[in-house]
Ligand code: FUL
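Below, in structure tokens: the form predicted alone, a single chain.
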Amino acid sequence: MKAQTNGYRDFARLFCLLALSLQIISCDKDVPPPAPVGPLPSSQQLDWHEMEYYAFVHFNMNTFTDIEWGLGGESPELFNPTELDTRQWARVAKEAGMKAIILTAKHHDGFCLWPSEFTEHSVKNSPWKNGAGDVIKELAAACKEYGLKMGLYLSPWDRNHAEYGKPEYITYYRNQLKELLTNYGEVFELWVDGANGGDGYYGGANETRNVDRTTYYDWENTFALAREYQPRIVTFSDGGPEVRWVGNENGFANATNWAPLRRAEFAPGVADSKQLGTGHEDGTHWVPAECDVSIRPGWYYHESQDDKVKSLEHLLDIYYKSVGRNGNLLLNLPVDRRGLVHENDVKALMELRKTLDQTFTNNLATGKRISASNTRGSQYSADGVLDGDKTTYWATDDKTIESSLEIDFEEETTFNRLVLQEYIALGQRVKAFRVEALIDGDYQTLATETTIGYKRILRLPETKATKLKITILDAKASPTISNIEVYKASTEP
């Protein structure tokens, strides 16, 4: 009888423990996510972050005049590519690992690569295809064929148009904006630079015209039209509104790079370039940095620069300081007078692609054990950073800022690259972090850095260790880390 009673007690105890466990699990699943912090990215900005690396194509009248900025009085007859093939552009971009092409539909000289009904200064009056060609239409078809997105550059400054500087020009600009954003399918990005006013042809006036760039274009309403025509579009200029310039044409973001930006006043060409490479920790708007740089010294094709294509070492440095520093890389390809991406440029692109593929193919953290010093709840466990799903993430309790993740390789493992990503849908949080490796039983510091954001890639010293620890030293609120990857680069210069 006593044995039977003990059996009942054991069963009851087990039942209670099970019930308690189920209750804890049930309650654990009800733990709310961390509250959002600061400005948040829109859904189209989240899509933009995912693109990471894409092509800029400078190809227009300047290609045939061998200059960078035309004055606007150039004859349309000069535009005459002999082998124009946008499918080659798209194929090269795709094979290079790029996800889109942004084309100079109209540069400062005002020549239009599409047969605009609002000007005679366009391809419709060129000898190319006897005036029946449309570069934008061909590019849109090529991008669709190769699974790429298309973006368009429409210069606010027009050195050809007789009414530039007058209110009538704004109507002209908006008419062309409508043409580009309603006739060619999806356009993911509208690119607007800060060059506004100066000397030009201006319909034969041949004079200097200046405008108040903060008010002349009525950007608020002009960009509202762009969003009306393309609801998923993001607009780039020096200070946004959706994507900002990184502040230089080297392709480098600063090591500290916040996506938020204080945008009290905004207009293309008036943002402080010294602040754009870093952004603002206390920024009021989500305006991430795009890093634009040309694969050659110039933006447009010049035969004299055929031997000046950037080296593999230089291109890798650009990649790590753009994509690897919470920015997107917009790498310019100056299409030549044939209408093709030059062979030297193609070679450099493929060398870069090969090296990146070799570096980032074998994730040494896959399948390894990971632990955290603090966890908000089971759905926010450390496992979320190694599952390959960017929608899952590790998070800590609300008041727990300093915290760490530890990856156990279970054996000595050699690595020299580390990829970190925050769950930026809830805001950019991390202000400082440290990376350590367990070597011969002791943790040694490999790096101490600041921001992470959408993606941070560290080039670490070649290290052989059994464990890797990432410690969040400071953050705006409880950290949210969505992805960690570890690699060994062996063939980079």
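Counting begins at 1, following the sequence as shown. Owing to the predicted nature of the structure, the values given are computational and were not obtained by experimental measurement.
This protein has a second form, the form predicted in complex with beta-L-fucopyranose (FUL), left out of what is shown; the following refers to that one.
The single contact residue among Glu313, Glu249, Glu95, Glu186, judged by any heavy atom lying within 4.5 Å of beta-L-fucopyranose (FUL) in the predicted complex, is Glu249. Only one of the listed residues (Tyr201, Tyr320, Trp128, Tyr153) places a non-hydrogen atom within 4.5 angstroms of beta-L-fucopyranose (FUL) in the predicted complex, and that residue is Tyr153.
Only one segment in the set 268 to 276, 75 to 83, 404 to 412, 188 to 196 has any non-hydrogen atom within 4.5 angstroms of beta-L-fucopyranose (FUL) in the predicted complex, and it is 188 to 196.
Candidate site formed by His107, Asp292 and Trp299: every one of these residues places a non-hydrogen atom within 4.5 angstroms of beta-L-fucopyranose (FUL) in the predicted complex. In the predicted complex, beta-L-fucopyranose (FUL) sits within 4.5 Å of a heavy atom of His58. For Phe64, no non-hydrogen atom is located within 4.5 Å of beta-L-fucopyranose (FUL) in the predicted complex, even though that partner is not displayed. Contact check for Trp69: a heavy atom falls within 4.5 Å of beta-L-fucopyranose (FUL) in the predicted complex.
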